[in-house]
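Read the single chain below, which is given as structure tokens and is the form predicted on its own.
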């Protein structure tokens, strides 16, 4: 008989995750954030004026909704194409990954991490190839507003089969004759000054907020970690120069700097907004990482790595950096909420991407028109999203703090 293997010691990540899941409020907030991601991905399923199925008389069946997902006239922004590709990837690649996983169980035993890495790599590779094909070969369909087309066809006496999503409206196509309508069974939150459905724009605005929050934070955290690591590890004149640059950037109020840079751009896109936010926010992670490197570089494990002949990049990014990322993770979680507020502020002031239905745009439209629905709806969405992210950040902070562990 073989002796049972002793249980493995839990890793640092296992301890942190376990501590996080002990906080019910933070776990509930994390589930709320996952719901927001689900709404962002499934937005075209819930709201679109393109029918799932379309047939006029005895004509052939058509599927305008699926074609519209990659129509660069209907969805003209890369953010929508990204989320639509993610939606299709979850439907198409998801079952394929599950089948690969089940198939791998019948193959000769391999290390579990190797199998998981191979399957995850195959899924990501398929999805990237699919996304590259969408971007490289853009699809453009004739612009047709199907509810109006259906009315005109029915007026001629022909039968029409049309199955729409639950909210049969588009965030782009509006009817100026139905501008500023109050809430009704057709438009649950009314319409804006251009006759567009407010609920649909609020739903697709979730994509904008989450994209800006996640990608802007990922960009400036990566930049700040690299700069802070170099300053803290090398010290001397390298640290002195970086510290002076950080002090100059901090002295300028970030919001005014963001608005000033954005005002010089004539055609602003969401990618400009991402880089603007990253350009003024990298100093926080840089200072945190620098302080951690100054503390860790004199410890015994770093001296042992030097004595073993490890190169400086290996010591910096493999030995010290993993031990210095705790405060950065907490800062990044709170930074997502801050980036969402900055983007909403820019859109409210008319400095955002005009092709996207941002919550700040809806709020600005409500302010100018005096319609309370367009003020309360996006304001509540911003409040709920920021609150959930802050609660998640508090859970991550408490889980990483050894003094608060029982």
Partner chain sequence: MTRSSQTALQLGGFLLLAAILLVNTRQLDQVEQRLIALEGKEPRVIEAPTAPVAAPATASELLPWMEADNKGLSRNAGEVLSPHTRRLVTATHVRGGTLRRQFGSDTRNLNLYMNNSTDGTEWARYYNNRLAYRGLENPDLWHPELAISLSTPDGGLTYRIELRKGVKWHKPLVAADSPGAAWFLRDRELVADDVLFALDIIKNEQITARAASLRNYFEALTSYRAIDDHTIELVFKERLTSNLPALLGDVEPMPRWLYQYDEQGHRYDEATWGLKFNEHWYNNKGIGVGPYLFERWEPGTVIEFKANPDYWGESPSFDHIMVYTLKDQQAWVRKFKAKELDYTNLQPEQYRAEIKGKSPPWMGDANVTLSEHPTLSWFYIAWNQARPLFADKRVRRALTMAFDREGLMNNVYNGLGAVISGPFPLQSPCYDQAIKPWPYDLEAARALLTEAGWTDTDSDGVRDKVIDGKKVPFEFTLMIYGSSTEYETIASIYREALLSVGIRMRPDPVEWSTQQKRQQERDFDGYTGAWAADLEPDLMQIWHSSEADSPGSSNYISFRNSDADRIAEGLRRAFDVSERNKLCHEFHALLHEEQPYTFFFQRRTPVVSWSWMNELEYQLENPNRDNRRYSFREARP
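Not measured: the values here are computed from a predicted model. Residue numbers count along the first chain shown, from 1.
There is also a form predicted together with the partner chain; it is not shown, and the following applies to it.
- Stretch 360-368 is the answer when you ask which of 22-30, 360-368, 62-70, 42-50 has residues with heavy atoms within 4.5 Å of the partner chain in the predicted bound form.
- The partner is absent here; in the predicted bound form, the one residue of 323, 183, 193, 333 having a heavy atom within 4.5 Å of the partner chain is 193.
- Taking 257, 90, 303, 161 one by one, only a single residue has any non-hydrogen atom within 4.5 Å of the partner chain in the predicted bound form, and it is 257.
- When contacts are judged by a 4.5 Å heavy atom cut-off, residue 266 counts as touching the partner chain in the predicted bound form.
- Although the partner is absent here, residue 251 sits close enough that one of its heavy atoms falls within 4.5 Å of the partner chain in the predicted bound form.
- Contact annotation: residue 309 falls outside 4.5 Å of the partner chain in the predicted bound form, judged by heavy atom distances.
- With a 4.5 Å cutoff on heavy atoms, residue 287 does not count as touching the partner chain in the predicted bound form; it lies far away.
- Annotation for 166-191: interface residues with the partner chain in the predicted bound form are 172, 173, 176, 177, 179, 180 [heavy atom within 4.5 Å].
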